[in-house]
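Below sits a lone chain in structure tokens, taken as the form predicted alone.
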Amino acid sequence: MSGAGEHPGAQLAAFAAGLRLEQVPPAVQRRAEDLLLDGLGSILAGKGARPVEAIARFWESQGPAGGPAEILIHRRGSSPLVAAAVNAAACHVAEQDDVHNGSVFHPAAVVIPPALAMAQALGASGAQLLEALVAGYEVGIRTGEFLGRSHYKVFHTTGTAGTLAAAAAVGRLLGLDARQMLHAFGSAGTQSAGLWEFLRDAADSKQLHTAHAASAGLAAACLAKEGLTGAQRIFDGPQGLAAGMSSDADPARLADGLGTRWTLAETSFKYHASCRHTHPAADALQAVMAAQGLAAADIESVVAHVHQGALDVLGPVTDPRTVHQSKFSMGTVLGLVAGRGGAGLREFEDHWQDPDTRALRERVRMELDPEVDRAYPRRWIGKVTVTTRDGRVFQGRVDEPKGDPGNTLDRAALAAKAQSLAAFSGAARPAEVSRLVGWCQSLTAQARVGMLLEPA
């Protein structure tokens, strides 16, 4: 490990390079297994999605028609680079992959695909894969926290911090030392990319962000192993990430509590199949409707009291044109919650354009709430004001949305979620998903990470 006198980026690189599974508390290891299952379910749910299949056709055309790394949605092997890109694109389309609140970062989509691909290629053990996952989560989350709120206003943190997360996970599997890991971070950071502008046009770039981050981070780690050097102060140098992408970056966040604070354990599971910024209000609306016995037809209007990040990301989506864009529409999400009892994959697929959903969407508005904004991003408070057609007004509030560590999904719920995600796309049979559940929950006992599904 590096000494405390080194700059935070070097400390983070030394931590990732030196991480050993025995240093990770058992509860954090179990959480990592659960996050792995949740991420694999999200990958399977991406099968058949138009942008994912487009990305897959391109990447598969650039790689070998066979190989040790598994493209899960197509049940075939290829190179680690190709498999990492395709699986990362698939993981992020259903909007059911995990999220870390404080960094506003989705770790699974950019950590699990490259780590799994490299573990399969190397014939690594399950324990080594778990070690790599922890390293990737810890680096990616801290990078997102370092970049701050100003970064997220313009940049999609999962695409930017994701390159560093992928590099850390793969670098751990490759056995990079602290010096090499820092070079990998330099090469990954210089490739960081991802802008929110795509939301205005219902464009497909979000899946490209994760595909690029996973493959670029994997390449950065492999190139560091080959001796390629990268910027030593990629985080906080005069022309590094903070200088170009943030006005409130805090380098101290990079090394915050390394080895004692496990940010992986702070990561939340997503319950609704929509942008996480909609979840607190969705949960608060459900609570009001249940407590007051309201039906959708009783509701005249809803005000969602939100933080600025929600306004920045959801605000541009005023008239969603695709299923995916509708997942970034607060009105659509609340319309589905009120009218269909939930905002899951099937509700979006079948009902996002229904007249009753659209009608309530037009009667939902967001307002910046000082309390909610002060708490964000550490806490995502949900507050709504519901006005009924007969003039009654009700306030709803949740302090921990469903899926947060304090209101988490247990292993039975996660297994059911994985089954639902796979069934939605038809990517895996129930028996196969059951085997995946068992495999993830006994990961440290696996001598070798092989293919997870039967070949097509």
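Just so it is clear, the model here is predicted, and its values are computed rather than measured. Position 1 is the first residue in the sequence shown; the rest follow in order.
The same protein also has a form predicted in complex with another copy of the chain, omitted here; what follows describes it.
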*Is every one of Pro80, Ser205 and Ile234 in contact with another copy of the chain in the model of the complex, taking contact as a heavy atom within 4.5 Å?*
yes
*Taking 4.5 angstroms as the cut-off for heavy atoms, does Arg200 touch another copy of the chain in the model of the complex?*
yes
_Using a 4.5 angstroms cut-off on non-hydrogen atoms, would Leu336 count as touching another copy of the chain in the model of the complex?_
no
*Val86, heavy atom within 4.5 angstroms of another copy of the chain in the model of the complex*: no
*Evaluate Gln395 for contact with another copy of the chain in the model of the complex, applying a 4.5 angstroms cut-off between non-hydrogen atoms, and reply yes or no.*
no
*asked:* Looking at heavy atoms inside 4.5 Å, which stretch does another copy of the chain contact in the model of the complex, given the options 418-426, 56-64, 384-392, 23-31?
replied: 56-64
*Please pick, from Ala287, Val323, Leu223, Met366, the one residue with any non-hydrogen atom lying within 4.5 angstroms of another copy of the chain in the model of the complex.*
Leu223
*Consider the chain as shown here, without its partner, and state which of Asp354, Asp312, Asp298, Asp373 has a heavy atom within 4.5 Å of another copy of the chain in the model of the complex.*
Asp312
_Those residues of 138-157 which, in the model of the complex, come within 4.5 Å of another copy of the chain by heavy atom_ = Lys153, Val154, Phe155
